[in-house]
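Heads up, the chain below is alone and in the form predicted on its own; it's given as structure tokens.
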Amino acid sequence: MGARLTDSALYAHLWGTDELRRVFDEAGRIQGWLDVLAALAQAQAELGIIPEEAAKAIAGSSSVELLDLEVVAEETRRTGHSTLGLIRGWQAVLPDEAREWVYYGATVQDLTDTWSALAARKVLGVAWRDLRAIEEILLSLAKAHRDTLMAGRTHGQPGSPITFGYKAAGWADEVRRHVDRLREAGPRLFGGQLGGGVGTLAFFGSGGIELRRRFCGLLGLETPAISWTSSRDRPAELVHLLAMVTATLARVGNEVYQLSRPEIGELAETPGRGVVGSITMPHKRNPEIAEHLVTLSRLVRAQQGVVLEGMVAEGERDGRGWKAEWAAVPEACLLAGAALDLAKRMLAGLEVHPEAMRRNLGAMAASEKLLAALAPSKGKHAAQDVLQRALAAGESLDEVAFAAGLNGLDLLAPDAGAAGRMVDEVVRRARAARASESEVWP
């Protein structure tokens, strides 16, 4: 295992998932590159650019298991070229008649950008699946707790009543917008790259455009209208999407973190078997996942800045930004994958404590409702002033209501307003959207 936490034998489960690690680890990445080059050879053979037998030989040997990766690594270091070691290592296992046709007319960026688009497709497929699973959990919580009263909080202070279903529905609605964003971004992000030296396909002459179309088609990628070697908005958008997704998960995690505090006690993670909160304070039950979701989001957002810088590129190729993506994009993807997986687990086992929610409503929960009752006769702003002065002087809401002649009205019962109806609408819209979309995407 490696020196980075994402590859640690002890801690990798907190910084990535095995599913996405298989996409980005050395063997997975090289296999992806071989698949891209095999598709290129097939498209070239279909157009008569290279011999058909050469393309078949290339496809037949396009397995990372056939390569001597130590030789590939040594050649990469010796030549100082990003993929010449791969080319020579592959040539060593190809028959003579195919060796000169591998990687024919393509550049490093054609290979790596196309593979990155394929990797993005896998990553966003995982994000789609996991976000929909998270949405389903949140919709169930919203429905189950539609009328479970709790304190709404603004600026860290208790305010008017809401329901926990209202809070969960707000989370679900935000997750649904991310699902929509993934769908909308797909055609932009899943674009192949084949341009040659400066993007003009000059190596292939007049057949270059058709070759690119066939090449992208074989890989299931969108065919770009123009080469995008210096247009780095695609990887930037990918990481920005992941940053937004993890920021939402961090917001949810932070709420669970705060509402799990013993003096509040409204929510709690269900600890796994054998989980230890503290090795010195046995009473502690730490919200480990909720806390870690915030950490993961901070790290993904840090990678967001790296790829955004890469958009400021020079000429028709600029390795400064493009190669920074080699480190930043996989890192962001692994971290986002971990966040999605952990959020699913946290929410699936979330403990909700309605009795604590009701207890924490507090004596002032109906102040907004009382203000609304006084506003028609006194004026809203004048009523606000009266209430603030009375409450600051230590009067209770009952006393203020009695003095205003409003006693006998059910003004002080906790009331969450239209929260329940908004929960119903979020659930209705989400169910309709889910019924019309595939569980597996793209």
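Don't overthink the numbering: it's just position in the shown sequence, from 1. This structure is a prediction, so every number in the text was calculated from the model and none was measured.
Unshown form predicted together with another copy of the chain; subsequent notes refer to it.
At the 4.5 Å heavy atom threshold, is Ser396 in contact with another copy of the chain in the model of the complex? No, no contact at 4.5 Å.
Can Lys143 be called a contact residue for another copy of the chain in the model of the complex at 4.5 Å between heavy atoms? No - in the model of the complex, heavy atoms of Lys143 and another copy of the chain never come within 4.5 Å of each other.
Are any of the heavy atoms in Gly105 no more than 4.5 Å from a heavy atom of another copy of the chain in the model of the complex? Answer yes; at least one heavy atom of Gly105 falls within 4.5 Å of another copy of the chain in the model of the complex.
Whether Lys56 contacts another copy of the chain in the model of the complex should be assessed with a 4.5 Å heavy atom distance threshold; does it? It does not: once another copy of the chain is placed as it appears in the model of the complex, Lys56 has no heavy atom within 4.5 Å of it.
Report the stretch among 130-138, 184-192, 117-125, 346-354 that approaches another copy of the chain in the model of the complex to within 4.5 Å, counting heavy atoms only. It is 184-192 that comes within 4.5 Å of the partner.
Could you list which residues of 204-235 come within 4.5 Å of another copy of the chain in the model of the complex, counting heavy atoms only? If the 4.5 Å heavy-atom criterion is applied to another copy of the chain in the model of the complex, 204-235 yields Ser206, Ile209, Arg212, Thr223, Pro224, Ala225, Ile226, Ser227, Ser230, Ser231, Arg232, Asp233, Arg234.
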